[in-house]
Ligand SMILES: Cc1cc2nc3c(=O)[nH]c(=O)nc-3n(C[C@H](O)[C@H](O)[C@H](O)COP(=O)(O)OP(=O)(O)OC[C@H]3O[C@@H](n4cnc5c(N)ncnc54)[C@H](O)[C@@H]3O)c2cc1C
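Next up is one chain by itself, shown in structure tokens, the form predicted on its own.
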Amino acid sequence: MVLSAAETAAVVRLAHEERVAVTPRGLGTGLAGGSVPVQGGILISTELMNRVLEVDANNLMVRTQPGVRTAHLQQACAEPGLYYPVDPASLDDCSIGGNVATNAGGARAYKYGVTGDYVRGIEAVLADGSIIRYGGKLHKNVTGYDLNKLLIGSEGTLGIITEIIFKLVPKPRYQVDVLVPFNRIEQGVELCLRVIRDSRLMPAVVEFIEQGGIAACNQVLGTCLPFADAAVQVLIELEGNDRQQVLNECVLLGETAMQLGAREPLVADNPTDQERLWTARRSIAKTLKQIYPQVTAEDIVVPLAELPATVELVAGLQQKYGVPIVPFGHIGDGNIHVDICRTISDDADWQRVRSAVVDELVDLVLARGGQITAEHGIGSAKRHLMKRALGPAELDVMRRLKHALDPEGILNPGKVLPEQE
């Protein structure tokens, strides 16, 4: 474990001299194998670099080390009334440096964007052990190539992030969560699309939870989510500084939902009820892993207009292959998590079925203008899909970029880029 950029640089310089692989690791909560040292070597953990260095209310900025848990960063910013709105479901467990490395999103990405939208400065150690610092407490900056953007989402293959500056926003005063149950999944998807397209509504969150996820939460957590028999639940969060406006939007949302055949929505307008809903939503992935011996977590994203067909395909794959497939997540920005759950005892049969499901899913997503990952990253788990997701020219540019910054290939080898033929 390292405590500073200087310690990190010293280790990397030695690894560079000896041509030893280096794998950066935050808190190890990634879902694509990005922090697993698949080629051995040195694992550099930033877990102890866990201090929020400065919350600057005057400049609406926060400066932090990479090992800080995302929820802790949010709490530190909330004390002076500021808001770091990016909140992946694992915010209590994941590190903010890992969020930057994968450009993590979360439920509020629909309104607020993803991690990279808030990065204003980065300190990082490169493959030769040199330390770079780019950006700062600046809301605009076009000084040369944007080195922040270069490192965001690079999964530790181009540099090891040792400090980050994020911009902050004022936190809205009022928040209402609305849980809308439907008897048919297509009704829920249609509500999501109508909310997205309605200029009178600007929700912070547009999420959906299919029956398999609802059942998993209630089985593991006890009675947590209401409407247990609903085919799908849509969770929408409305917020603002004008209480009456938020309530008016809530009424408008309820009317739209009822027109589509929803049951009476549940309105959570106090912290206790809201925490109940969010505890369940954030627990879906964990609860599935407690019920099933193995879960393959896919993280697709499609254009908004393709959402109905995509959800229909997922339901068809479940019927075709006879294994539970649970879609859920950030449908408001076209991002659906698709968890394929193992119920097949024979390992060879399971691997065959799992691969077939992923292949069909990827084919449809790419054919409809989507992509294979929205926020989990590529890591080692999705490397084999990269040649289907991107063309030879794009992959060649990425390889040249990687070689320019890491000619010996020591930084997180075996991740992101596929093997060359």
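Only a predicted model underlies this, so the values are computations on that prediction, with no experimental measurement involved. Sequential numbering from 1, following the sequence displayed.
Not pictured, yet referred to below: the form predicted together with the ligand.
With the partner omitted here, the residue from 355, 29, 371, 59 that has a non-hydrogen atom within 4.5 angstroms of the ligand in the predicted complex is 29.
A heavy atom within 4.5 Å of the ligand in the predicted complex is found for exactly one of 188, 332, 106, 327: 106. Stretch-level contact analysis of 271-279, 284-292, 168-176, 137-145 against the ligand in the predicted complex, using heavy atoms and a 4.5 Å limit, identifies 284-292. The ligand is not drawn, but in the predicted complex it has no heavy atom within 4.5 Å of residue 234. In the predicted complex, none of the heavy atoms of residue 210 sits within 4.5 Å of a heavy atom of the ligand. Contact annotation for residue 214: none of its heavy atoms lies within 4.5 Å of the ligand in the predicted complex. Heavy atoms of residue 155 reach within 4.5 Å of the ligand in the predicted complex, making it an interface residue. Contact residues in stretch 62-96 (any heavy atom within 4.5 Å of the ligand, taken in the predicted complex) are 66, 88, 89, 90, 94, 95.
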